[in-house]
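The chain that follows stands alone, in the form predicted on its own, written as structure tokens.
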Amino acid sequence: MNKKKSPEKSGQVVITRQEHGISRKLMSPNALRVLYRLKDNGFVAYLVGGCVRDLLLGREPKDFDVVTNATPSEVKRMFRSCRLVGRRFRLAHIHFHEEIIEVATFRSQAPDEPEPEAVETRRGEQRQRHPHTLKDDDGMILRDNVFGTPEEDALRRDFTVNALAYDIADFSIIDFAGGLADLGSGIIRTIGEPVVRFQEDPVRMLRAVRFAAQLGFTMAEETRKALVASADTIVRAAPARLYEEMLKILFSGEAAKCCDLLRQTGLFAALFPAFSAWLGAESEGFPHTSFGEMLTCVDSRVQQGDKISQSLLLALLFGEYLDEKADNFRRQGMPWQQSVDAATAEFLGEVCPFIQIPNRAGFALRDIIAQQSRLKQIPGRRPQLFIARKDFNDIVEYCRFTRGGKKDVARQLEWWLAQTAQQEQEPLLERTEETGAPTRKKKRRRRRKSHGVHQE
């Protein structure tokens, strides 16, 4: 692949359509619609980031992101299904039937703004104007809505391999930061000074780990050193955002590799201090190995295209840890359910200050662990009600993953699955003999009891 500098795009390496193998047939039709409408309205429009990187690597992109010189309000006027979102970054989300195309305006590498001037309101009151760019005392970006050029936008991205763009005007690939060379060498490298980049957004450290594991790349030496030195600052990121990023890691299909890198760099201990210490210790002379085994199982399922709920994922990864906590509470005299409740509450208290697990996922995690005792009761009271639970499949899958190899457990699971199959075969509605049309049973009306003497 020959690299050229275009006279119209001086300073950037441009790969013409004849020199790269990316076809529009490989792209989202909805993303192409957005690109063409922006172009037809006189705006510059690029595909950018991970989708370009993945297309060059022969991988199927999960998302197609668009950048343009149109402002968010201009994008909104062009697309009826557009919604503007975000505070730190003002973005346009264009909704299609089963896809959302994210459109961002080119942003500038703007320096810190001076102290905002006071402006006068209609009532004559003085108030401070919000700055477009805002950083905290440690250099983390809190707000960034200064528009700029395509090159400025590319250079403010996290890694060189994510600063590649596809220009819909001439179908060329534009390399703003040496990403093509790093892509060919299999290197994850920050754009600019890595320590500063991780200060601006600590979540970039998790992204570096995920990209290295998913793509089979190695981190540039200076990037890795800065990551290790900055690992303890990861907790400065918003807990809700860290949860979303951890889900991307755990559902990446390479969760085992990711978590190995997280532990090697110190990020895992910063995010899960108590759990990390427990993993490094032994219980009754035995190491804790289930976490790694479960990561491998999850990776296998994800790579096969199977879906795993968030609550089942959490149960698989942290179930042994919760079981040990619950055992400790039971030794103090707590009943089964209360011991699981207490163990789950203690675990969430350890994790949620750093990674905000939603309440719904936390409650579902607790129920999956607590209901394992119900599987042992065959048939027990009202088995059909147990089968009708929304989380019944997760309860069974957790048991299969963790204890399915034992003969007695396998027999229990066979019994429950047989009951499930039988219940699915039973018709919910009665059918008439003549037409076979479904009819519901009519409820009988209860007669009112008469009180006193009936008067004619």
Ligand code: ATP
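Quick caveat, the model's predicted, so the values are computed rather than measured. The first residue of the shown sequence is 1; numbering continues from there.
A second form of this protein, the form predicted together with the named molecule, is not displayed here; the remarks below concern that form.
Site test, G49, R156 and N162 vs the named molecule in the predicted complex, non-hydrogen atom cutoff 4.5 Å: The answer is yes: all three residues contact the partner (heavy atom, 4.5 Å cut-off).
Considering non-hydrogen atoms and a 4.5 Å limit, does the named molecule approach K390 in the predicted complex? Output for K390 is no: heavy atoms all beyond 4.5 Å of the named molecule.
Is F211 close enough to touch the named molecule in the predicted complex, meaning at least one heavy atom pair within 4.5 Å? The answer is yes: F211 has a heavy atom within 4.5 Å of the named molecule.
With the partner left out of view, is H93 within 4.5 angstroms of the named molecule in the predicted complex by any non-hydrogen atom? Because no heavy atom of H93 falls inside 4.5 Å of the named molecule in the predicted complex, the answer is no.
Is the gap between R224 and the named molecule in the predicted complex 4.5 Å or less for some heavy atom pair? No.
Under a 4.5 angstroms heavy atom criterion, identify the one residue in R207, K257, R330, K76 near the named molecule in the predicted complex. When the named molecule is considered in the predicted complex, the option within 4.5 Å is R207.
Considering K248, R374, R263, H288, which brings a non-hydrogen atom within 4.5 Å of the named molecule in the predicted complex? Spelling it out, the residue with a heavy atom inside the cut-off is K248.
Partner absent here, but in the predicted complex, which of 397-405, 27-35, 415-423, 60-68 has residues with a heavy atom within 4.5 Å of the named molecule? This holds for exactly one stretch, 60-68.
Could you pull out the residues of 314-328 that have any heavy atom within 4.5 Å of the named molecule in the predicted complex? Heavy-atom contacts to the named molecule in the predicted complex: nothing from 314-328.
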